[in-house]
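In structure tokens, one chain follows: the form predicted alone.
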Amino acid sequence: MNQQPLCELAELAAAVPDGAKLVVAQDNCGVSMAATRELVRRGVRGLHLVCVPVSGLQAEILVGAGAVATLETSAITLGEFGPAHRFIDALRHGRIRMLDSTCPAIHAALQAGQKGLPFIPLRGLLGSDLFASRADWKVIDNPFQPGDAIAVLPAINPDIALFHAPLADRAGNVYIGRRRELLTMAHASKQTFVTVEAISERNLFDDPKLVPGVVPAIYVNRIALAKQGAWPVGLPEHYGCDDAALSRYVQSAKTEEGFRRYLDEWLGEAALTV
């Protein structure tokens, strides 16, 4: 644990090295778009991005900005707003290494990392064509029942977990509420970086109503205050997504030139507000 976890947003982003295996949450759990913007501003490269189990605008922008070398996910989707144009373009032109997965496979492999296991079995993958592109997935005999096939997946052990949460305290404890996959991400990762809406002066463990939803400080390395830090993606139970902003992004990102104009504007806004 970092003895002084509170830091500036730029400092948090600077601590994510090029080539890191970075695990991020899906949109309904708490996406740190504020940290994502800082990563793009400083020009991070070579990331192995793991999405738990899917991603949207966060992965789309990181891929479009050239920050991602390997993408491990079950989907990149902007839902009703339209296609993830920069992800699709990067995939078609071979600019990223794609590790196709499924939602259960992502969760299971991360749970193996959480438990310190080298691999984990998962029966539901049997018969899938994903094995053709995932040489790291194996099919073995159930050691307790010969002739019973079972798939085994290597554990996911990220270098850094990155997410956005409603609240942290100065000791480094972070409130995530019911989003338990964030706790799994923190347990499985070597370090955990969090942006938050607010910093409490009171230790979160002193509030019996909050304690069940707290990630203990022992798992948290860096915390940066970033109000509206999930924008334009929403933070469930706190604020919704900005439909107009997401629609504008999708329209802009249809072309590389449009995406670059959007990115310049977005990064300029960051320079004014950080």
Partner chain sequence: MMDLSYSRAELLVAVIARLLEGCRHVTVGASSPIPGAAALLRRELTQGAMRVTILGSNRYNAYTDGGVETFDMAAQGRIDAFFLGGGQIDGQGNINLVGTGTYPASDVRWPGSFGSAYLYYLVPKVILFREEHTRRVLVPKVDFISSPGVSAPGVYRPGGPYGLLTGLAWFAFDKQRQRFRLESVHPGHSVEEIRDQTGFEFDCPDKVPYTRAPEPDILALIRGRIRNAIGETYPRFASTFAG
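Positions refer to the first chain, counted from 1. Computed from a predicted model, the values in this text were never measured in an experiment.
Form predicted in complex with its partner chain: not shown, discussed below.
Enquirer: Using a 4.5 Å cut on heavy atoms, which of A112, L167, L125, I160 is close to its partner chain in the predicted complex?
Expert: When its partner chain is considered in the predicted complex, the option within 4.5 Å is L125.
Enquirer: Give me the residue from I176, I76, V194, A186 that has a heavy atom within 4.5 Å of its partner chain in the predicted complex.
Expert: Partner contact (heavy atom, 4.5 Å) among the options: I76.
Enquirer: Within 4.5 angstroms, counting heavy atoms, which one of the listed stretches 168-176, 186-194, 148-156, 199-207 is next to its partner chain in the predicted complex?
Expert: Heavy atoms within 4.5 Å of its partner chain in the predicted complex occur in 148-156.
Enquirer: Taking the shortest heavy atom distance, is N142 within 4.5 Å of its partner chain in the predicted complex?
Expert: No, N142 is distant from the partner.
Enquirer: Is the gap between L130 and its partner chain in the predicted complex 4.5 Å or less for some heavy atom pair?
Expert: The answer is yes: L130 has a heavy atom within 4.5 Å of its partner chain.
Enquirer: Taking the shortest heavy atom distance, is V54 within 4.5 Å of its partner chain in the predicted complex?
Expert: Yes - in the predicted complex, heavy atoms of V54 and its partner chain come within 4.5 Å of each other.
Enquirer: Just to confirm, L117 within 4.5 Å of its partner chain in the predicted complex by heavy atoms?
Expert: Because no heavy atom of L117 falls inside 4.5 Å of its partner chain in the predicted complex, the answer is no.
Enquirer: Just to make sure I understand: among 190-206, which residues lie within 4.5 Å of its partner chain in the predicted complex, judging by heavy atoms?
Expert: None of them.
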